[in-house]
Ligand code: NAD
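Form predicted alone, single chain, as structure tokens, below.
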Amino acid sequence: MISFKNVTVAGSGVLGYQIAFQTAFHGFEVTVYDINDEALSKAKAKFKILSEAFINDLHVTQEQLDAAFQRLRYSSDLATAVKDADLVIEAVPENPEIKIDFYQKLATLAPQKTIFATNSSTMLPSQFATYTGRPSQFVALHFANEIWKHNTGEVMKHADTSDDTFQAVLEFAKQIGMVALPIYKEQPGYIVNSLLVPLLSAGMDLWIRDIADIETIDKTWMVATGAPLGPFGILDVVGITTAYNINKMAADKTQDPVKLKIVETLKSEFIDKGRLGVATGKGFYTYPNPSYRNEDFLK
């Protein structure tokens, strides 16, 4: 049975830094890779904030957190970051050209033993398998946001993934506190996003066509289903940049005028103005006290 000790997480964005900290917390040696030292400095700051969430939500001890921090390393040099890696989890931006470039570089630098896992939310592992140089050692491993609470670990094969790789990554998901969810065939969006993306798309469609305002759309969903967040509250957590990238791919493919308007609005009114969601304190709502948390929001 393949086992892992040294894990490299490539990309320290919305999910990358969470994956890295979760993995270190559960006893693995973790190297965080990002493109420059500025990005790594931001990751370190986010780890400090994340440790508070672990205390509040999981009731962990300071000793456990200190041990996790001791297991974290940082590098902006890819060769250094992966030289001892048993597993590389790729969490770089949701852009196929960026991912292809990353895997082409990674293939020449990682030891032959290293298994690669993509955390892509929207793209299939088969899109990148040949660029890895080791298709049988390549699989998808997808997490929900706030992974320490919403602890799904979706592990998805592509046609050439070996059974040993698949089973090893499923076991790894369990070892870092996830509910391991095997997906035997490629499915765009895995299970979670196959259910979630249509909801978010429907919400943005209603908003951009002026059917209803953001708060009304969210209120409707929350009241009708008992969900803690509506689609726009979820989008703020996911991050506006991710929403933009997903919609841009759909707009480029279909040239649908509604999708094109969504993309244009997300770019000009949100991304260009630094309104990227919870991470920046402002997206569709303002944080840390969004209006959907007000006592009378659902009335």
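Under this definition, the rigid core comprises the largest set of C-alpha atoms superposing within 1.5 Å between the forms. Not measured: the values here are computed from a predicted model. Numbering starts at 1 and runs along the sequence shown.
Separately, the form predicted together with ligand NAD exists; it is not shown, and the next lines address it.
Undergrad: Considering ligand NAD in the predicted complex, find the one stretch among 50-58, 30-38, 227-235, 257-265 with heavy atoms no farther than 4.5 Å from it.
TA: Going through the listed ranges, the match is 30-38.
Undergrad: Answer for H158 alone: is it within 4.5 Å of ligand NAD in the predicted complex, judged on heavy atom distances?
TA: No, H158 stays farther than 4.5 Å from ligand NAD in the predicted complex.
Undergrad: Does V92 reach ligand NAD in the predicted complex if we count a contact as any heavy atom within 4.5 Å?
TA: Result yes; V92 sits at the interface with ligand NAD in the predicted complex.
Undergrad: With a 4.5 Å heavy atom cut-off, would you call T114 a contact of ligand NAD in the predicted complex?
TA: Contact with ligand NAD, no.
Undergrad: Answer yes if any heavy atom of L15 is within 4.5 Å of a heavy atom of ligand NAD in the predicted complex; otherwise answer no.
TA: Yes - in the predicted complex, heavy atoms of L15 and ligand NAD come within 4.5 Å of each other.
Undergrad: To verify the annotation, which of these, S162, Q127, T220, N145, has a non-hydrogen atom within 4.5 Å of ligand NAD in the predicted complex?
TA: Contact residue from the list: N145.
Undergrad: If the cut-off is 4.5 angstroms on heavy atoms, which of these, I98, A202, L170, I191, is the one near ligand NAD in the predicted complex?
TA: Selected residue: I98.
Undergrad: Does superposing the core leave A39 with a CA shift of 2 Å or more between the shown form and the other one?
TA: Shift at A39: below 2 Å after core fit.
Undergrad: Following rigid core alignment, is the displacement of the V238 C-alpha between the shown form and the other one equal to or greater than 2 angstroms?
TA: Result for V238: yes, a 2 Å-plus shift.
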